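Encoded as structure tokens, the following chain is the form predicted on its own, with no partner shown.
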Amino acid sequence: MDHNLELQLQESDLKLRSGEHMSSNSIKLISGNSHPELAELISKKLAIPLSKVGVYQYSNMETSVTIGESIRDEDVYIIQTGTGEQEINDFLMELLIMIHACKTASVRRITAVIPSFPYARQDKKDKSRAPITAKLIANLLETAGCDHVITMDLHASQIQGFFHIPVDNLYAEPSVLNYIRNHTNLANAILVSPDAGGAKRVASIADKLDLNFALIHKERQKANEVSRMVLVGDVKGKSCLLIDDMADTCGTLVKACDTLLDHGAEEVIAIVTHGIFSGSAREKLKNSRLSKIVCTNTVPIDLDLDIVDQVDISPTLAEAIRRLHNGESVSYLFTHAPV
């Protein structure tokens, strides 16, 4: 072979390896039907329009997905949260079909942005013949063709170990800290964890705010039903900030609020990441003694109550998408809340 030709081939090979000849791919945002408002907020933060996608249901309730534009060799981010009472399984199936549709459309990488991870509470085999459903969801996402997952405040961080693909578990804590600093009187505040499992989360926030914290020990007779609560700590005359990762039926929050007020607390403000509010949650909150309940917009909130306030976490998700696409560190977001 001619020596000059051999050098040209070697140089071309080096350029291909370094990515000089590869097409520069862009971010494509796809929104499912679970939380279009959050997808719009992320789209505005990134200044990237949502891609055209048609999601339909046949009369027999089968889901059909059509991607309305070319996404070949692009970096695709599908925004779909785990929410709803009956709809959660429909939205999960919709996400899996959208991932598969993108995979067959020859995209470069598929990232599922799932702010509230479905079935996250079924993360362990805590009784005989119980399924570990969170592991099943991980398997389904991988089988569908997902390359990466972005989620927020996983109920149990070990769920990341159920995957064979990268998982970025973001935290609402920086945004919550900003809210607490701007909307509460820290001089008279105390943080409270409604159960032992959330003690680590509350201790972390207490350290950053230099506040004391109390703990409530709860005993359950069956799932979603608390039988007895015991307070550990002094809350007399204090403004209690009740911190939890999710509020579902709100039985725990309402009972914890009553326990704190019965022990002399001045007021109780509940702050949760995922405000699911299913079943009788609306009635419980309406009749509760909570001064306020604050939640992020990881799931859509359909509560017409004066005591509900919301923290926007779309800047954190948008910045995570941007950093992931550009190959930058995401750990900055664990301690900082972008505006």
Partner chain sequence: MSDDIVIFGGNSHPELVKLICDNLGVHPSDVTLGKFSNGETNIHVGESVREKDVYVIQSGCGHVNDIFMELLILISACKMASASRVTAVMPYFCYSRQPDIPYTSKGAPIISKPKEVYTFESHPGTPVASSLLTRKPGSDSGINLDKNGKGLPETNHLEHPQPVRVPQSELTKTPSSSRIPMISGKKNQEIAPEAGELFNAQNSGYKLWVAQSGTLIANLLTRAGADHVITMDLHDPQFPGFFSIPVDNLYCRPLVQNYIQHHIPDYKEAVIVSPDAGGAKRATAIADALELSFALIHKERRSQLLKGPPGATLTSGGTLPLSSKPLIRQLETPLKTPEMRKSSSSSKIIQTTMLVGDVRNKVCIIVDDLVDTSYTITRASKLLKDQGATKVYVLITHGIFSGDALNRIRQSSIDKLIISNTVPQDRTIEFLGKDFVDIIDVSRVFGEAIRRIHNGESISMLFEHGW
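What you are looking at is a predicted structure, and each value in this text was computed from that prediction instead of being measured. Numbering follows the first chain given and starts at 1.
In what follows, reference is made to the form predicted together with its partner chain, a form of this protein that is not presented.
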### Query
Quick one: is Lys238 in contact with its partner chain in the predicted complex, heavy atoms, 4.5 Å cut-off?
no
### Message
Residue-level contact is defined here as any heavy atom of the residue lying within 4.5 Å of its partner chain in the predicted complex; does Tyr119 satisfy this criterion?
### Response
yes
### 4.5 Å heavy atom contact, Thr252 and its partner chain in the predicted complex
no
### Message
Against its partner chain in the predicted complex, would Lys52 count as a contact residue? Criterion: heavy atoms within 4.5 Å.
### Response
yes
### Message
Please determine whether each residue of Asp73, Asn178 and Lys200 possesses a non-hydrogen atom within 4.5 angstroms of its partner chain in the predicted complex.
### Response
no
### Message
Under a 4.5 angstroms heavy atom criterion, identify the one residue in Ala196, Ala105, Leu231, Leu209 near its partner chain in the predicted complex.
### Response
Ala105
### Query
Considering its partner chain in the predicted complex, which of Leu261, Leu186, Ala156, Met93 comes within 4.5 Å of it through any heavy atom?
Met93
### Summary
In contact with its partner chain in the predicted complex (heavy atoms, 4.5 Å), from 129-137, 188-196, 265-273, 169-177, is stretch 129-137
### Query
Of 53-80, which residues get within 4.5 Å of its partner chain in the predicted complex if you count heavy atoms?
Val53, Gly54, Val55, Tyr56, Gln57, Tyr58, Ser59, Asn60, Met61, Glu62, Thr63, Ser64, Val65, Thr66, Ile67, Gly68, Glu69, Ser70
